[in-house]
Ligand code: SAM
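First, one chain by itself: the form predicted on its own, in structure tokens.
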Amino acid sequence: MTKPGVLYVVATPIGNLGDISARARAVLAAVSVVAAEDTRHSGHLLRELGLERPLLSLHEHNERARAAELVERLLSGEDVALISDAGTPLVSDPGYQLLQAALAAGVPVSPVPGSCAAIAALSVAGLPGDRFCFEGFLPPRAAARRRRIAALAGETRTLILYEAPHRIAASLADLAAVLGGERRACVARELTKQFESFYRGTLGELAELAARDASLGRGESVIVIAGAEPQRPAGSELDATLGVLLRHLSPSAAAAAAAEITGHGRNEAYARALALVAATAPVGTESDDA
């Protein structure tokens, strides 16, 4: 019986080519095929490393079919390396279906660790790193994005988000509005690249900066946000008040009134209002505050 090959999950640099590990380079040089998110991008990486290996595309549109093909090759004894465009595969990147198919077939899987934008940003953000929550990308649509942020409002661990250049300003504005403008945060832009930049301050300050400074929206960003202060256990009064007010008012108006009635902070009341609306809204509907 043929011994199966190994599926290597290989982290690649997120910008600076010098961050490639010696082991990653050795694995890429030895495997039968490299499964890559974008073969053109990864072909350039391999050439920069002085390597020439067969490349096979694996992305969100072809992963199911490609996974079956790659598992066949693995079962025949070939070693396969899975890489993404940058950083660690499966962290907001394709590869999960291939990994699951390989595990189901009894194929050995081995990580080759290295760069990860989320961890790199957390390490220098200046915020607690002992406990954190990685959320990946927020929803692109405004109302869905605000609902997701509201669901995270009570998270006491440090939050890590990814954001695309064209949405960074809108996301920071929504984060400030829902979580509160005073929450500490850091935006890490173009990590390990020539124009690597870090913006630290409150969410309110960062939202204002993004609105007036176009450079903050150039390149991919990681947003690291301080966790929420532990909530006082009087939320039932706030929720009960909001439950009545939301029958007649928009979330923002209901939050303002509930804050005045209960003594809770307005940002806390608004976050709870959005969470209550999200919990009761039919699937596919949008908030009145969209």
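Please read these numbers as outputs of a predicted model, since none were measured by experiment. For every residue, the number given is its place in the sequence shown, counted from 1.
The same protein also exists as the form predicted in complex with S-adenosylmethionine (SAM); that form is not shown, yet it is the one meant from here on.
Colleague: When S-adenosylmethionine (SAM) is placed as it is in the model of the complex, are Ala125, Thr158 and Arg183 each within 4.5 Å of it, taking any non-hydrogen atom of the residue?
Modeller: Contact check failed for every one of Ala125, Thr158 and Arg183.
Colleague: Since exactly one of Glu190, Glu135, Glu208, Asp79 fits, which has a heavy atom within 4.5 Å of S-adenosylmethionine (SAM) in the model of the complex?
Modeller: Comparing distances to S-adenosylmethionine (SAM) in the model of the complex, the residue within 4.5 Å is Glu190.
Colleague: Out of Ala117, Val112, Val71, Ile149, which one falls within 4.5 Å of S-adenosylmethionine (SAM) in the model of the complex, going by heavy atoms?
Modeller: Selected residue: Ala117.
Colleague: Picking from 210-218, 97-105, 141-149, 159-167, which part of the chain touches S-adenosylmethionine (SAM) in the model of the complex when contact means heavy atoms within 4.5 Å?
Modeller: One stretch meets the cut-off, namely 159-167.
Colleague: Since only the chain is shown here, I'm wondering whether Ala177 would be in contact with S-adenosylmethionine (SAM) in the model of the complex (any heavy atom pair within 4.5 Å).
Modeller: Outside the cut-off, so no.
Colleague: So in the model of the complex, does any heavy atom of Ala86 sit within 4.5 Å of S-adenosylmethionine (SAM)?
Modeller: Yes, Ala86 is a contact residue.
Colleague: Answer with yes or no whether Ile14 is in contact with S-adenosylmethionine (SAM) in the model of the complex, where contact means some heavy atom within 4.5 Å.
Modeller: Yes.
Colleague: Val91: heavy atom within 4.5 Å of S-adenosylmethionine (SAM) in the model of the complex?
Modeller: Yes.
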